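Next comes just one chain, in structure tokens: the form predicted on its own.
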Amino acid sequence: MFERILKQQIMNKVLYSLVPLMLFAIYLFGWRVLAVVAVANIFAYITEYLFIYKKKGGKVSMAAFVTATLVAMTLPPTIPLWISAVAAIISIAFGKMVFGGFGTNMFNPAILGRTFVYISFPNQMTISWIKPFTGFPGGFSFWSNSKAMETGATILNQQRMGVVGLHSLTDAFTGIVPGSLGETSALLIILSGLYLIFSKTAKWQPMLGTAASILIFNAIFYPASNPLYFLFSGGAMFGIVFMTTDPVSQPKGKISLWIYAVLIGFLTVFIRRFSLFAEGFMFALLLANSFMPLIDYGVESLSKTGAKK
């Protein structure tokens, strides 16, 4: 089995950066978190293996495990394990392998899988949320939170409905709030992002550009609210650090990268403000991915025209 895995050091670094978020998710929601992640990884491996096993020298890329872990960390703690499997299968099969495998995908595979299950299973993905454990040892002493700890909405849902005061900005930043497994703590996500930048695993431009864009457009669309609430809530921070920085699905030029980041930020806020969906980031990223070739082509054409003049 292990000899059929393609070693990729850069992908290992992404997995290392996810370890603190995974440990914090266990603290918040119990050891069931590992089951959700493990199921996603198993089915991601099987899916990619079925595509490549007949190829001479074909190996499952470490990127498959990164994709599986990322998509699992975007799921609610109450998610049925079979939906975690579906998310991983869709991410690998339709997010990567149908385009030709590693390095050829147009869309971010993890966000594609997450979007599929979000639309297909809205009750499991948007309705059932649970309050996190607090104090010591938190979820490390439990398999999962009990039904008695269910809550109605995440902090992002509450903000969109105009419900304020239930969670402080500090709660949103540190992550002691209901939410998906890896998306609650903006603090840990930022630290993971810094590790990725300083280890030269990811570029800082899409992170900074998308975050700034979200803050600016939140200030425009929600002038009476603190834009930091919306940045630290939902999947925005997680997506900024781990999804926008995907080297395959992001633009290649420097100017294109900034345009791409601003577009993601604008679309995230626009979708959150005017659509029925509380979480706009995944739709925003997929739309930006689809525009990526056009952005690169347009910027390159303008550069050549300017050079001729």
Partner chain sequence: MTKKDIFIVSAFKENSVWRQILGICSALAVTNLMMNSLIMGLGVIFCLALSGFTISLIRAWIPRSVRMMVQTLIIAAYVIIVDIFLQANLPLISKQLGPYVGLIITNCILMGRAEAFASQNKPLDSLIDGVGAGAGYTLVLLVISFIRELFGFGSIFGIKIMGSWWTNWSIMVMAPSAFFILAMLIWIINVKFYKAKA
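Residue numbers count along the first chain shown, from 1. If you're wondering where the values come from, they're calculated on a predicted model, not measured in any experiment.
Below, we refer to the form predicted in complex with the partner chain, which is not included among the displayed structures.
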Item to check | Which of 221-229, 180-188, 205-213, 78-86 lines the interface with the partner chain in the predicted bound form (heavy atom within 4.5 Å) | outcome: 78-86
Checklist outcome for this item: Among 266, 51, 283, 258, just one has a heavy atom within 4.5 Å of the partner chain in the predicted bound form, namely 51
Next on the checklist: Can you work out which of 104, 120, 170, 199 has a heavy atom no more than 4.5 Å from the partner chain in the predicted bound form?
Outcome noted: 120
Item to check | the partner chain in the predicted bound form: contacted by all of 17, 43 and 65, heavy atom 4.5 Å | outcome: no
Item to check | Exercise: residue 94 in contact with the partner chain in the predicted bound form, heavy atom 4.5 Å | outcome: yes
Next on the checklist: Can you tell me whether residue 124 touches the partner chain? I mean in the predicted bound form, with a 4.5 angstroms heavy atom cut-off.
Outcome noted: yes
Checklist entry - Can any non-hydrogen atom of residue 195 be found within 4.5 angstroms of the partner chain in the predicted bound form? => result no
